[in-house]
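Form predicted alone, single chain, as structure tokens, below.
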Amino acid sequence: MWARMALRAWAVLVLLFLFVPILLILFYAFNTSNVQSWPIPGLTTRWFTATWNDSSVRSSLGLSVQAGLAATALALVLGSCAAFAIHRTAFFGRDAVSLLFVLPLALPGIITGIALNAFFSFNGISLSLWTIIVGHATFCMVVVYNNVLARLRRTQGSLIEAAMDLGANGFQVFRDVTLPLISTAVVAGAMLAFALSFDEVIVTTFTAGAETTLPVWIFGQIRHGILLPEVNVVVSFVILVTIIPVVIAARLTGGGGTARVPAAR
């Protein structure tokens, strides 16, 4: 009994350690003063208006959304195809190939960023929005791959075999059986990929050139220490945009996909 209570208390302390600083940032976004001190003297929303009127913030937001959506689309195609290839085919070294797909997510972002920067420089590729998209897709693809592969491993092979026995061709099997089974995993993977891309700063720093996304803008303003109230607003926005897809993805992947197969026609 005492051990259970101690573990619960420890879990609460860990959660407080992780989330109290985040809550403080949210409070500071409404601070009437531009000095970060506690307790805050009052609440105001004027920093939200000032942040939105800042052209550099809007430009960085637009770039973050573009990079996130494009990287997510690219990750969906590559990650899903890789998951199908690993699941449906057997070949020598399949486990090693699967490990290589997961490796970019396990490596520190600075290593991935430096490696990509060296690759672009060696091939004479100018840093731009497209290099950001390629950089983000390298680790966004991993979450799509993991989600789709996990769902494929839980899929009942008898459903696909039954559809083929009833005369369905490969495209019909994919459209009417496989896709409904993995749809929640694909959507969850896309949301996680977008969340990862939207708040990535290290890889963007090495692959962005003169363009900046919101995380890079935050990093630069913290170094200068001039627009801290606006930084708090932008950080709060990034936190919300990151948390919401993660929560939805967790809800989607919590249930199975078998029940989503449409009724026989």
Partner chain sequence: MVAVAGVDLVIDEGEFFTLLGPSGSGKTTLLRMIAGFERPDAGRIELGGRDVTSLPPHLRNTNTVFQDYALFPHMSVADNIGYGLRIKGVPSTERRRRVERALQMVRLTGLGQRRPNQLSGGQRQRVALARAAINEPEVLLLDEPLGALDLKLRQEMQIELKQIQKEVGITFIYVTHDQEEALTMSDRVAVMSNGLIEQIGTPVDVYERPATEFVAGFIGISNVLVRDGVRFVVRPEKIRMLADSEVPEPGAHVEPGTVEEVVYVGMSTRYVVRLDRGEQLVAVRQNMDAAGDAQRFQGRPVRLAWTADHTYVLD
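Numbering follows the first chain given and starts at 1. Remember, predicted model here, so these are calculated numbers, not experimental data.
Omitted from view is the form predicted in complex with its partner chain, to which the following refers.
Hey, in the predicted complex, is residue 165 touching its partner chain, heavy atoms inside 4.5 Å? It does: once its partner chain is placed as it appears in the predicted complex, residue 165 has a heavy atom within 4.5 Å of it.
Should residue 159 be classed as touching its partner chain in the predicted complex when contacts are defined as heavy atoms within 4.5 Å? Flag for residue 159 set to yes.
Though only this chain appears here, would residue 180 touch its partner chain in the predicted complex if you measure heavy atom gaps against 4.5 Å? It does: once its partner chain is placed as it appears in the predicted complex, residue 180 has a heavy atom within 4.5 Å of it.
Is residue 121 a contact residue for its partner chain in the predicted complex, using a 4.5 Å heavy atom cut-off? Outside the cut-off, so no.
Just one of 171 to 179, 79 to 87, 184 to 192, 104 to 112 has residues with a heavy atom within 4.5 Å of its partner chain in the predicted complex, so point it out. Careful reading of the contacts points to 171 to 179.
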